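There is one chain below, alone, in structure tokens, taken in the form predicted on its own.
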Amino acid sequence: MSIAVLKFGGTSLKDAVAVKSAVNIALRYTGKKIIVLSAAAGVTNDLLKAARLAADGEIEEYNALLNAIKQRHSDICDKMPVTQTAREKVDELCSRLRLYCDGMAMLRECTPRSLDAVAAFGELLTTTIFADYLNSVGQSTELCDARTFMRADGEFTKAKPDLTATEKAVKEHLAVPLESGKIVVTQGFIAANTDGATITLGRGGSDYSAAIIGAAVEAAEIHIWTDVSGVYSADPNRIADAKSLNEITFEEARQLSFYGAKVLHPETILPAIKKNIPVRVLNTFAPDEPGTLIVPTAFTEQPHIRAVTVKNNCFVVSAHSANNGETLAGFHSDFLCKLAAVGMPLLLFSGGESYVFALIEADSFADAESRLTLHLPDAAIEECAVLCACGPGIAAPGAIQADLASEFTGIAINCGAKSVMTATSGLCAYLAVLPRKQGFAALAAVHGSANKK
């Protein structure tokens, strides 16, 4: 019998009503199930804030945050309802959390290791409540601590999973409860390192955990339950007629995420994609909507633009060679090294014999300008927006693709584009660099053109 892996994000667990909805969704699935949970919405941020306040000696402030976290989970317990055993476990977890923070307050120290230990409590709380409620409605459930099978190493707060060790441990620890017909409930972004210490995979880690677990058990599909009905053709807050897509490829999702779309981080589902396991993004609050299926590659279909996004907080950085005998490779390498020292994300790089061009992301012009002036005093910097349009095979050779590229280029140029690229390596995206004030106008124009067809 196939195995379904269901991951519920923080907004799907924000209160008792949301948790009940998530449980009801889980009960709709037949067969074997593994449920991966995040912390309730906002709780991880509150936990990390409490830890830092404790280390700063802000006793009243961190205690107030801890009281609010405990009360929030107690309220969920009151409205579910759950057993006395679960209530006691919630109280015990909150007491242990307070002891951690009290220790940091005494030491006036907040290490990355301590932050990971504290951050874990959010998911430990939600899984305790969720598993108990499943049992209370007659479902045989096994609460499995992710740290018994999720292996990771590297830096605290941003560990890298050991995929080989984790796959072996997943099979060892989850096989018995699954074969006995139990629903497995576990945490998302927490793991154990080689020393047995709690370590986290960073933000987006619960999607990553779900994909790793799904790949290990060779799940039929992985379902990511969140507060939106899948991946949209454009930001629905900006484009009124944006619609949820039935399907999108992994590479398209990667491009959209990289250039500003608020979708799940595609790298987090790569373990599933590598094993050809489809990932579906669904809405906990509209469970009958089909959501979006993310697949390894597109089925044969006519090339078309199906999604477009814009990233506005970008800057063009350009420089010219001093013609001092430096080789082309040396000129490019020197520029990239200096740009790396600036410490801002590099989105795109291009260059020729006498010039280099880079696209970077930064929160403010003043910040970008001050850093660039320090490391690249001779470079020119200009604010811009980057428009990205994605679709199956739109950059491959062919008459239809040529028409699509021409139409995209025309819209971009009309919006003042400084540069247009319609032959990207992934064969699924067009890019245009525009004046920042034209970014949203170009977004609307390309989306409107694509949806007339």
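What you see is a predicted model; the values in this text were computed from it and never measured. Rigid core: the largest C-alpha set superposing within 1.5 Å between the two forms. One rule holds for the numbers: they count along the sequence shown, beginning at 1.
Although not depicted, the form predicted together with a small molecule is the subject of the following passage.
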* Asked: Based on heavy atom distances of at most 4.5 Å to the small molecule in the model of the complex, which listed stretch, 148-156, 260-268, 109-117, 81-89, is the contact stretch?
  -> 260-268
* Structure fact -> Answer key, the small molecule contact in the model of the complex at 4.5 Å (heavy atoms) among 382, 75, 102, 227: the residue is 227
* Structure fact -> Note: exactly one of 331, 250, 315, 232 sits with a heavy atom within 4.5 Å of the small molecule in the model of the complex, namely 232
* Asked: Would residue 10 count as touching the small molecule in the model of the complex under a 4.5 Å heavy atom rule?
  -> yes
* With a 4.5 Å heavy atom cut-off, would you call residue 290 a contact of the small molecule in the model of the complex? -> no
* To do: Spell out, yes or no, whether the shortest heavy atom distance between residue 164 and the small molecule in the model of the complex is within 4.5 Å.
  => no
* Asked: Contact between residue 236 and the small molecule in the model of the complex at 4.5 Å, heavy atoms?
  -> yes
* Asked: Superposing on the rigid core, do we see a C-alpha displacement of 2 Å or more at residue 309 between this form and the one not shown?
  -> yes
* For residue 13, decide whether the Cα shift between this form and the one not shown is 2 Å or greater, given a superposition on the rigid core. => no
* **Rigid core superposed: residue 239 CA moves 2 Å or more between this form and the one not shown** => yes
